[in-house]
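A lone chain, given as structure tokens: the form predicted on its own.
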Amino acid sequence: MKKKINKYDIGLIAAIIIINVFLIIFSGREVVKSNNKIAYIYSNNQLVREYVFTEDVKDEVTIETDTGYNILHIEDGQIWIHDASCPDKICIYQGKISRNGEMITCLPNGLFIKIVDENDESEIDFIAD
């Protein structure tokens, strides 16, 4: 026995389509906003470089100081230290960073990397008691 589509089925289908259209529109806006992440690279408290994370950014940079060097790798919206001259190599083991507020530091070489999301509207970095 064949079932016919009634007016309630048509209303349900229309509601699902409308909800999907809204989701596509608003998720598209979030994708545009998410491309405003910037990696600030400091050496001895001086800003030496900054990278805006986009799909096509792929780079390998060597930052040299009086105490040594760090080789940074930037790819797929992430940044990490590939190699360093410091004795303990803790900066290499800190891994890849890509989210707002994440940091990598190399104290022996005086290197500091911080990710900042320009769309993040929160003003609080941390709370201390």
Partner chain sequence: MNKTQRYIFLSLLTAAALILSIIEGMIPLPYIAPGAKLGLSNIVILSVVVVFGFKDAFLVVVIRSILLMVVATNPITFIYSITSGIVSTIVMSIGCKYLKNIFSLIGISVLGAMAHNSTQITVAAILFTTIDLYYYLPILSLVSIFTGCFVGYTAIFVTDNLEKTLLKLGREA
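Residue numbers count along the first chain shown, from 1. Whichever C-alpha set is largest while still superposing within 1.5 Å between the two forms counts as the rigid core. All values derive from a computational prediction rather than experimental measurement.
Only in words, not in the display: the form predicted in complex with the partner chain, which the text now covers.
The unique member of 61, 90, 57, 38 whose heavy atoms fall within 4.5 Å of the partner chain in the predicted bound form:
Answer to the contact question: 90.
Residue 103: touches the partner chain in the predicted bound form, heavy atom cutoff 4.5 angstroms:
So residue 103 counts as contacting the partner chain.
Is residue 67 close enough to touch the partner chain in the predicted bound form, meaning at least one heavy atom pair within 4.5 Å?
It does: once the partner chain is placed as it appears in the predicted bound form, residue 67 has a heavy atom within 4.5 Å of it.
In the predicted bound form, residue 78 touching the partner chain (heavy atom, 4.5 Å)
Contact check for residue 78: no, nothing within 4.5 Å of the partner chain in the predicted bound form.
Determine whether any heavy atom of residue 94 comes within 4.5 Å of a heavy atom of the partner chain in the predicted bound form, and answer yes or no.
Taking the distances in the predicted bound form, the answer for residue 94 is yes, it comes within 4.5 Å of the partner chain.
For a quick check, can you give me the residues of 45-60 that have a heavy atom within 4.5 Å of the partner chain in the predicted bound form?
The one in contact is 45.
With both forms fit on the core, has residue 107 moved 2 Å or more by CA between the shown form and the other one?
It does not, since the residue 107 C-alpha is displaced less than 2 Å between the shown form and the other one after the core fit.
In the predicted bound form, whether the C-alpha atoms of residue 77 and residue 22 sit closer or farther than here (change of 3 Å or more):
It is farther: in the predicted bound form, the C-alpha atoms of residue 77 and residue 22 lie at least 3 Å more apart than they do here.
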